[in-house]
Each structure stands twice: as C-alpha cells, then as structure tokens.
Ligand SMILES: Cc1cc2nc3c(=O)[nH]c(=O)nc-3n(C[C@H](O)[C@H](O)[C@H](O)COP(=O)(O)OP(=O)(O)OC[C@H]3O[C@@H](n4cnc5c(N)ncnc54)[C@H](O)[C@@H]3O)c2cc1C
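Single chain ahead, by itself, as structure tokens, in the form predicted on its own.
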C-alpha cells in the first residue's frame, strides 16, 4: 500500500453579518461547528493536530459591531473582534488601561497582532491579556443560546478551570470599569505587567504577572489587585496575598515575605519547559522587583 498525500477536509465557511444571524446559523448546523475570528491560534492548533477541524466554521469577522471600542458612563466596552494592535493603540485604552497596551505589545509577533483579536486571546484561556484584565476586574459579555449574558472574568476562568466552559457561547464584548476618576490628593498609582518567555519575542509565556494599586499620601493601599499566569496554566487573582499586603503601609512591607505569600498562593503547572516551582519563584520575584522599583521611583522606602 503506497503512501500518498493526506486528504485535507476544509470546513464549510459561514460569514454572518450580525450577532443574531450568527446565532441562527449555529442553531442550524449544531453541534458540528466552531466560532472563529482571527483564526491565528486555530490554524496553529489544526496544523499541530491538537484540535480537530470542524465541519462548519462560523466566522464572526464580518460583524462590525464586535470590532469597536465604545466609552460607557462607568467603563470601556471593547468589541471581542478588535485586532490586538488596534486595541493596544486605541486612545482610551492607552489613557485608562495602559498595562493592557503593554501586555498586547508582547503577544506573539506584529504580523500576528494585526490579525489576532482580543476576544480570541481571552477565549484561548491562556492569553497574555488575561492577568491584566483580571486586575482591571473586567467582565465578559456573551451571546448564549438563550440570549445575551454577562459574567465576571474571574467566574468564567473558574468555569474554564473546572472544564465547564460552554463552547456554544461566543464572546461579544469585554467590559472594563473605569478606575477612580479623582484620586485623593497625594495618592500614587502603581501598575505593571511583566512577561517571561523562552526567548524575547514570538513565544508563549512561561510566567506573566500584572499589578494595579493606589496608595494614599500615608503609603497605605486604598486599592490593590494582582494576578499571575503563564504557560498553559489558568491565570488567577492572588486574593490572599492582596489581603496580606493591605495590612502594611508601604514602608512596613517585607518583600521577602511577599515572595513567600505569592509562591504559596499561585497555582500553576509543570510542563516540559518549566516546573511549577520555577514559575512560582519567577512570579514572586517579578512582583517583588517591580514593586520595589515602583516604590523607589515614588520615593517610598520598602
């Protein structure tokens, strides 16, 4: 028996122009379909054989309402189909959520960021934007089989972690609440995003961390959020570490104790590229070093 080229079976492509049309098509071809946007990750998964090629591919790329960034009274609504480069360069994102722009700038390569979408980065479950969106306390808006629904990103990640994600739902928007508009006089904001990969660019992250906090003139935290992720592990808020930090003014914070708390709380994975102990240690070191640099630049002593 000879060996010939494998027969490639291409999915039937659907290109709805509205959310409602997309839902009707999905109901018609269910369950043999998959949602798609930039398809940058899907193509990689198909080539690697880690995901099956569906019988029907429903592209959401023609739905214009999902490719916009809209200011709302208390937050910013980002369409799930906004291309990463466009999202990172958007004026409102740069002004109100600068570390989201920083995270987007280190996702994959520039050519990929011109095609890939913010929604795709999120629904992959392991995207580099997720830790940042966690500290910004973002919510996700979905078209479900029963209509539109909204869920906190933290809750959706819990469903993902538990294998309860419903693949029939597609992400329509990401909503991020605005931070405090008039911070207290003398207050100081600390925010950063850092990523460690196996090489400088175009590589999956080994570890990512994000931090967003505001301290008053006395060096006490009035708000504080921190998250960690990386690799194929699910990103998470470090709520216990946040609570521990709040007990101290900036001058009383022990960075060595901070590192211990991060390593104790951060749940991550081991894979052929890095052990979970390495990821924990790296995340702890990133938080400690970046916090120290931020405090030093603000002329606080920790």
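Positions refer to the first chain, counted from 1. The structure displayed is predicted, hence computed values, not measured ones.
Below, we refer to the form predicted in complex with this ligand, which is not included among the displayed structures.
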Review point. Which single stretch, out of 218-226, 117-125, 87-95, 68-76, brings residue heavy atoms within 4.5 Å of this ligand in the model of the complex?
Key: 117-125
Check your understanding: Every residue in 34, 44 and 170 with a non-hydrogen atom within 4.5 Å of this ligand in the model of the complex?
Key -> yes
**Study point:** Contact test in the model of the complex: residue 40 vs this ligand, heavy atoms, 4.5 Å
**Key:** yes
Exercise for review: Indicate whether residue 80 is a 4.5 Å heavy atom neighbour of this ligand in the model of the complex.
Suggested key: yes
Exercise for review: Classify residue 235 as contacting or not contacting this ligand in the model of the complex by the rule of any non-hydrogen atom within 4.5 angstroms, answering yes or no.
Suggested key: no
**Study point:** Contact flag, residue 195 vs this ligand in the model of the complex, heavy atom cut 4.5 Å
**Key:** yes
Study note, to complete from the structure: None of 107, 138, 207, 157 but one has a heavy atom within 4.5 Å of this ligand in the model of the complex; the exception is 107
Check your understanding: Out of 112, 179, 190, 99, which one falls within 4.5 Å of this ligand in the model of the complex, going by heavy atoms?
Key -> 112
